[in-house]
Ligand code: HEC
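Shown below, as structure tokens, is a lone chain in the form predicted alone; questions about how it binds or moves come after it.
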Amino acid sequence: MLLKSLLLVAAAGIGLVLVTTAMSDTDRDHARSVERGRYLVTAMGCNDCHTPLKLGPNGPEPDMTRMLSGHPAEMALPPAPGLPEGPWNTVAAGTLTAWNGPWGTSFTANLTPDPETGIGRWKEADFAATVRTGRHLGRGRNLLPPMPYQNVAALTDADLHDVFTYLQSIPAIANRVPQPLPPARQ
């Protein structure tokens, strides 16, 4: 009986070691995915539009307290200036989070994991469908300029997994971005 009890304890201990090792591998895979996602988000310049600029000591700089939170909800903008004829057909807000052109006015999305105003309730498949199709959640409205979804759509499934994993790991920021505006009637 004692031998049977000792064998059970040993088996449980071995099982615990195996589970701990597996969890460590999972944790390592997750950390690797987060770091690779951070690298891809940085290399693709996602912060350039999805993180508002603020005026710093050397001029405009990303406001990292709002990292990837999109156009600031509290920043109401007047109507965009009229677009001139010719090759100059786009204007942007000083934060680089609102853009106007022949398509109307677009506001950069909140990519943080906030469940109410960001992508916190999205599944990885929703994220992939959005960038693969150029449509919100793969079936909604079109993504608008300057979002280079065609470039992001060229990423591998593994890359998109890593980007999504990273975006889900950053601080959630409650920031309800305005809906796009149609082009001004002329």
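The structure displayed is predicted, hence computed values, not measured ones. All residue numbers refer to positions in the sequence shown, first residue = 1.
Only in words, not in the display: the form predicted in complex with the ligand, which the text now covers.
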Original post:
Any chance T130, P146 and V152 all have a heavy atom within 4.5 Å of the ligand in the predicted complex?
Top reply: yes
Original post:
Would H50 count as touching the ligand in the predicted complex under a 4.5 Å heavy atom rule?
Top reply: yes
Original post:
Just to confirm, T112 within 4.5 Å of the ligand in the predicted complex by heavy atoms?
Top reply: no
Original post:
Given that the partner is absent here, does H161 sit within 4.5 Å of the ligand in the predicted complex, heavy atoms only?
Top reply: no
Original post:
Is V34 close to the ligand in the predicted complex, meaning a heavy atom pair under 4.5 Å apart or at it?
Top reply: no
Original post:
Does anything in 125-144 come within 4.5 Å of the ligand in the predicted complex by heavy atoms, and if so which residues, in order?
Top reply: F127, T130, V131, H136, L137, R139, G140, R141, N142, L143, L144
